[in-house]
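Given as structure tokens, the chain that follows is alone and in the form predicted alone.
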């Protein structure tokens, strides 16, 4: 078996081997290469200690030196090189209290999460697979290295990673590994919201987003998103899973689908520490999910376009199609394109009058300017022909006199 590694990775491994040390590509890059997937990045493991790595390579960065990781720079690329290590006890369900270096690749691979991530490779030795990762790849199984209770006890996030890998790879979680997740589900509470969010996003944007159901099956949902329990214990489970399955793998679209069924969109997004832009986008879509949008008026469509902005429109249409069936949004897509092509005004910035004009008509500075322009925009949305400066100035003056 031969894996085609990038030239820079082969060079780093060869330099370490020539210096008398062991060195291999390791982990996810080996897994992905064996699956004929393009690896996201390439990690290297070696028997050389960090100080020896720094002696061999002149351009390095101490990115995780206390855990044995040195980043080697090759032209414009960077590669993490980590010394074989054995982790001490995990006291917080995330970090080992100590790390000790070892000369044994097998010991280093033993500390990793799943068999499919515990393989190493170089051109001289070929594939090193002491825990059956290649076998589990062929069987499409997610299995912990060694004792699953011990592996999840070391880092509780691995429970979510197991589900995420199952979704991303369309694999099945092995029975003992699944049983350990159910046993230790409560320990996920010790993991930060940001790390949980990252795993859930990868799960939801995978080819198998419906495997979000494994959160409920394992009991993890109680601790990461309790709102899911109501869906799975009620009558909407199949509708939600079907909508997720037929949707495009877009983060905003799929979180909008999920929170459409769970409710509490803003509460969920905030609890998972999402950024404000994503949170607002999801909340705007979930507020616009009704099937009655199929018969929305042109003016009301423009009002929604004003709120969503052109950037979020495609996600809204994809969201509606996922909820109500393929092609549901076809008329909305066509009409919104027509509005844009004809240059019809639906944004305040495209009005023929500005805030300066409103002030010039005697409006006091402050929020009243925006209120006036908002009412002007509403009139223009109803009648696009009004968006002419000569027509809008007297209309703006009339609106201003009615609100002062």
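Just so you know, these numbers come straight off a predicted model, no measurement behind them. Numbering follows the first chain given and starts at 1.
Below, we turn to the form predicted together with adenosine-5'-triphosphate (ATP), even though it does not appear here.
Peer 1: Looking at 254, 302, 158, 143 here, can you tell me which has any non-hydrogen atom within 4.5 angstroms of adenosine-5'-triphosphate (ATP) in the predicted complex?
Peer 2: Exactly one listed residue reaches within 4.5 Å, namely 158.
Peer 1: Out of 208, 260, 333, 112, which one falls within 4.5 Å of adenosine-5'-triphosphate (ATP) in the predicted complex, going by heavy atoms?
Peer 2: Going through each option in turn, the one that passes is 112.
Peer 1: Please identify, from 346-354, 361-369, 28-36, 59-67, the stretch that has a heavy atom within 4.5 Å of adenosine-5'-triphosphate (ATP) in the predicted complex.
Peer 2: Careful reading of the contacts points to 28-36.
Peer 1: Is residue 316 close to adenosine-5'-triphosphate (ATP) in the predicted complex, meaning a heavy atom pair under 4.5 Å apart or at it?
Peer 2: No, residue 316 stays farther than 4.5 Å from adenosine-5'-triphosphate (ATP) in the predicted complex.
Peer 1: Heavy atom to heavy atom, is residue 213 within 4.5 Å of adenosine-5'-triphosphate (ATP) in the predicted complex?
Peer 2: Flag for residue 213 set to no.
Peer 1: With heavy atoms only and a cut-off of 4.5 Å, decide whether residue 165 touches adenosine-5'-triphosphate (ATP) in the predicted complex.
Peer 2: Residue-level check for residue 165: yes, a contact with adenosine-5'-triphosphate (ATP).
Peer 1: Closest heavy atom of residue 187 to adenosine-5'-triphosphate (ATP) in the predicted complex, within 4.5 Å or not?
Peer 2: The answer is no: residue 187 has no heavy atom within 4.5 Å of adenosine-5'-triphosphate (ATP).
Peer 1: Are all three of 15, 104 and 124 close to adenosine-5'-triphosphate (ATP) in the predicted complex, meaning a heavy atom of each within 4.5 Å?
Peer 2: No, none of 15, 104 and 124 comes within 4.5 Å of adenosine-5'-triphosphate (ATP) in the predicted complex.
Peer 1: Going by heavy atoms, what in 192-229 lies within 4.5 angstroms of adenosine-5'-triphosphate (ATP) in the predicted complex?
Peer 2: The stretch 192-229, when checked against adenosine-5'-triphosphate (ATP) in the predicted complex, contributes only 202 at the 4.5 Å heavy-atom cut-off.
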